[in-house]
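Single chain ahead, by itself, as structure tokens, in the form predicted on its own.
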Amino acid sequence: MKQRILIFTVIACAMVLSGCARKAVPSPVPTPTGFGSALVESSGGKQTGAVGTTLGQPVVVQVNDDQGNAVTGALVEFSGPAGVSFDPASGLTDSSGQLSTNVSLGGMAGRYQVTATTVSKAQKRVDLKLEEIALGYQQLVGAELNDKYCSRCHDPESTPERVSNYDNLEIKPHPFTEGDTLNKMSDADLVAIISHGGPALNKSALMPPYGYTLSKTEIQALIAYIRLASDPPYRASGMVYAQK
């Protein structure tokens, strides 16, 4: 009896291990019925989201022909660095020449480069590269502080939740995506202007001091968010980027 129990146990373990090792069968790639020569972004690039989560809006791309007309039935495949997933990973464009996919970010904070690919009738590969931004814990705290204290003036775009004050300011503040300017400022400069206001760096007094409102940790979190949101990307010495 003990021998039978042992045999059954071994078989059961083998079945469990076999099930664990079995990989999910990928969905078959559909056969295209149309071919284009260009890929363009319709929407979904430059989004931000927490690491390991699905972006709030799908990425939508469009396939066009040589005359700029939308192509129906063209195959588009999505790819990205390790940890990034797509739903769906491939598909055929609809009657408007578009295909959308939901993008799930990887587990490391940084900028992720994702690629949409189609092929022309001559089987020439056509790529479209987009960037998405994954926020770690510190950057998420910074994003929340930005929404609470900064975006009303630094973001020129109004939303249903927040009316921008940007156009009412005589001296326009730099949006946090304005990397051409903010990337030239050191972390110490950003600490100074956030803590003591614009006059700390001979800037506009319309920038108020937040040194008594935000803790040092919160100011560092806000700077971490600014660094990751900047466009072009901020490249500090030794910084690792997700797409690499």
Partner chain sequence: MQSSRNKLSALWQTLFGDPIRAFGVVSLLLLLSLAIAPAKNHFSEWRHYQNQYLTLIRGRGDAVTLRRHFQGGIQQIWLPEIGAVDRCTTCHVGLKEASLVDVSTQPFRRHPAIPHTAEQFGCVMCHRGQGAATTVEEAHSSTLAWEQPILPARYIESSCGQCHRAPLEGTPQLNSGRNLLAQSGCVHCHTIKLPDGSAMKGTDDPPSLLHIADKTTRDWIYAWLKDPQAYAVTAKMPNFKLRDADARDISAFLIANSSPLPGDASPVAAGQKAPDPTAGASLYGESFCASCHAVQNAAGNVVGGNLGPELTRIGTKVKPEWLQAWVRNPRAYDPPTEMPHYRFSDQQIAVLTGFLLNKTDADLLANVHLDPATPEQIAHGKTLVTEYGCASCHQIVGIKKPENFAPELTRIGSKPVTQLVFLPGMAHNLPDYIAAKIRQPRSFGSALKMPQYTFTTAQIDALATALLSLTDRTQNLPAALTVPSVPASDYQPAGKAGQLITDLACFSCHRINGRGGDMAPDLTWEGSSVQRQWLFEFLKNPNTLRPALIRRMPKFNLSDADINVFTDYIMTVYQTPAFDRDSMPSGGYPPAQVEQGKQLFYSKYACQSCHIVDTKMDKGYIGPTLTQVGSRLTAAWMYQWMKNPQALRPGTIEPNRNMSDDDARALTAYLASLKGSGKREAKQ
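Positions refer to the first chain, counted from 1. Since the model is a prediction, treat every value here as computed from it, not as a measurement.
There is also a form predicted in complex with its partner chain; it is not shown, and the following applies to it.
Using the partner position in the model of the complex, report whether Gly52 sits within 4.5 Å of its partner chain, counting heavy atoms only.
Contact with its partner chain, yes.
In the model of the complex, is there a heavy atom of its partner chain that lies within 4.5 Å of any heavy atom of Glu131, even though the partner is absent here?
No, Glu131 sits far enough from its partner chain in the model of the complex that none of its heavy atoms falls within 4.5 Å.
Would Asn168 show up as a contact with its partner chain in the model of the complex if we use heavy atoms at 4.5 Å?
Asn168: contacts its partner chain in the model of the complex.
Exercise: Gly107 in contact with its partner chain in the model of the complex, heavy atom 4.5 Å
Result yes; Gly107 sits at the interface with its partner chain in the model of the complex.
Which of these residues, Met185, Leu206, Ala200, Ala38, gets a heavy atom within 4.5 Å of its partner chain in the model of the complex?
Only one listed residue qualifies here, and that residue is Leu206.
What is the one choice in Thr115, Ser120, Thr72, Gln138 with a heavy atom within 4.5 Å of its partner chain in the model of the complex?
Of Thr115, Ser120, Thr72, Gln138, the residue with a heavy atom within 4.5 Å of its partner chain in the model of the complex is Gln138.
Could you tell me which stretch in 93-101, 107-115, 72-80, 122-130 has residues with non-hydrogen atoms within 4.5 Å of its partner chain in the model of the complex?
That would be 107-115.
Quick one: name the residues from 151-170 with any non-hydrogen atom within 4.5 angstroms of its partner chain in the model of the complex.
Residues within 4.5 Å: Arg152, Cys153, Pro160, Glu161, Val163, Asn165, Asn168, Leu169.
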